[in-house]
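Here you get one chain, nothing else, as structure tokens; it is the form predicted on its own.
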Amino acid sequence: MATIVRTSPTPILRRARRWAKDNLFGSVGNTLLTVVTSAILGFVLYQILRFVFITAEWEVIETNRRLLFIGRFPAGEEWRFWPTIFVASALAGLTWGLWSRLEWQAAMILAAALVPVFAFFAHGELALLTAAAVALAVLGYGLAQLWLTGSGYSAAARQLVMVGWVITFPLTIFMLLAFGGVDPSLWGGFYLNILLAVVGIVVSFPLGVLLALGRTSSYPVLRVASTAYIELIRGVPLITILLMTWLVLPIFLPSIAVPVLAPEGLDDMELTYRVMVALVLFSAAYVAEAVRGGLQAVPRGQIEAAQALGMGTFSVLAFIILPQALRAVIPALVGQFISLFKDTSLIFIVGSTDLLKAGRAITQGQIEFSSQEKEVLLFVALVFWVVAFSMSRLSQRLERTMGVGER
């Protein structure tokens, strides 16, 4: 007679059952709410997957991927993108390897994300260049993990990487404008959204820190001027500032020639540059308020102790106050930068061809794709979500690395 052996559930399964019983089915109300919510989410997920894999016609995206990603950028000038993309890829790998470690879950997600890139977007020469960028990122990560982390060169490598990130921005602008250059009015697509977001983040951050310091200054002139600027900008919608830089700003700018940016005078500055100014001015006010919250969180006793040790005002600010203040407001700053990235989609109002306007132009200007607006808008939303979600995840990893929220 056969003996039946009953095996007990694994510890993971037991914990899952206990969690589900305590949180999802702990009472009649919880059970009813779980069932109703699961039914609604299941129906929504079914409709989305059915549309994506069965109903939708994605030929509109494959046919117009160049317009979506670089807009009206002149053909044959794409070589200007790749040096900065290669540099940024290598720096990204080094950064991840020096400051953190790539867990297998994150590696699987990144690998899965590369599949549609090569299957749907990258073909021919573009596929080879994209593969080279990925290889540089992997090489940078491997170099950091195998040789730099834990060695005597780790601190120097981190400093060089930070300098490299700072240099990447002017290198990008130089590649776009040097050797004959490409007119800024032809910059477009998703590349323009990324470029505007990077400019807004890189320039508005130090400006916001200065405004926060000015608002907390003991000098009345600095305090009043900084407070007036912050409150004025925060009380005005971004769309208003964009329209003012488009229509009103040229009236107040002098006819002073600035090499490269405005050779015919500031009053004739390219619209793309004016949009950059608007985004920087708008974001700086919000960054200032976030940093001011961090400044107020620094205990007064630490400042007094540093002063008692003979440290000057600048030393106290640079080594005691700002490191703690900025560390405490990383979530708020990243939230503002994510919001800034999403706000770049508003520039279509002033005539710039960003990703959203390029998508609208496809359905409005190409008769064969006039009925595929859902596909285009869903793709645009997905691209914005992927970037915003990636920024959020990187922020969480940075918080864990720096111990934000821990004593």
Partner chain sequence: MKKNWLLIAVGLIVAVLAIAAIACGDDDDGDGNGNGDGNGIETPSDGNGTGNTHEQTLSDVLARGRLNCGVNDGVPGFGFLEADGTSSGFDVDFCRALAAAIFGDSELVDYVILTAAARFEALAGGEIDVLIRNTTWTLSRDAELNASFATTTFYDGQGMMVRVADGFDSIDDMEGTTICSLQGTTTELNLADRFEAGGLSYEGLTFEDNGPLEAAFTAEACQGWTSDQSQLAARRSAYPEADGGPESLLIFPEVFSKEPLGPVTRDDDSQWFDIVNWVVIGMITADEKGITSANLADFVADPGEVETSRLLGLPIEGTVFDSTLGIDPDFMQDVIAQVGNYGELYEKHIEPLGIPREGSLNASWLDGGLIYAPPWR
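Keep in mind it's a predicted model, so treat the numbers as computed, not measured. Residue numbers count along the first chain shown, from 1.
Keep in mind that the form predicted in complex with the partner chain is missing from the display, and what follows is about it.
Of these, 161 to 169, 135 to 143, 227 to 235, 204 to 212, which stretch puts a heavy atom within 4.5 angstroms of the partner chain in the predicted bound form?
One stretch meets the cut-off, namely 227 to 235.
Counting non-hydrogen atoms within 4.5 angstroms of the partner chain in the predicted bound form, say which of 271, 222, 316, 330 makes the cut.
Selected option: 271.
Please determine whether each residue of 351, 367 and 370 possesses a non-hydrogen atom within 4.5 angstroms of the partner chain in the predicted bound form.
Result yes, every residue of the spot touches the partner chain.
Using 4.5 Å between non-hydrogen atoms, is residue 191 touching the partner chain in the predicted bound form?
Flag for residue 191 set to no.
When the contact criterion is heavy atoms within 4.5 Å, does residue 339 count as touching the partner chain in the predicted bound form?
Heavy-atom contact with the partner chain at 4.5 Å: absent for residue 339.
Is residue 252 near the partner chain? Define near as a heavy atom within 4.5 Å, in the predicted bound form.
Yes - in the predicted bound form, heavy atoms of residue 252 and the partner chain come within 4.5 Å of each other.
Within a 4.5 Å heavy atom cut-off, is residue 38 in contact with the partner chain in the predicted bound form?
Contact with the partner chain, no.
Listed by sequence position, which residues of 324 to 341 have a non-hydrogen atom within 4.5 angstroms of the partner chain in the predicted bound form?
The stretch does not touch the partner at all.
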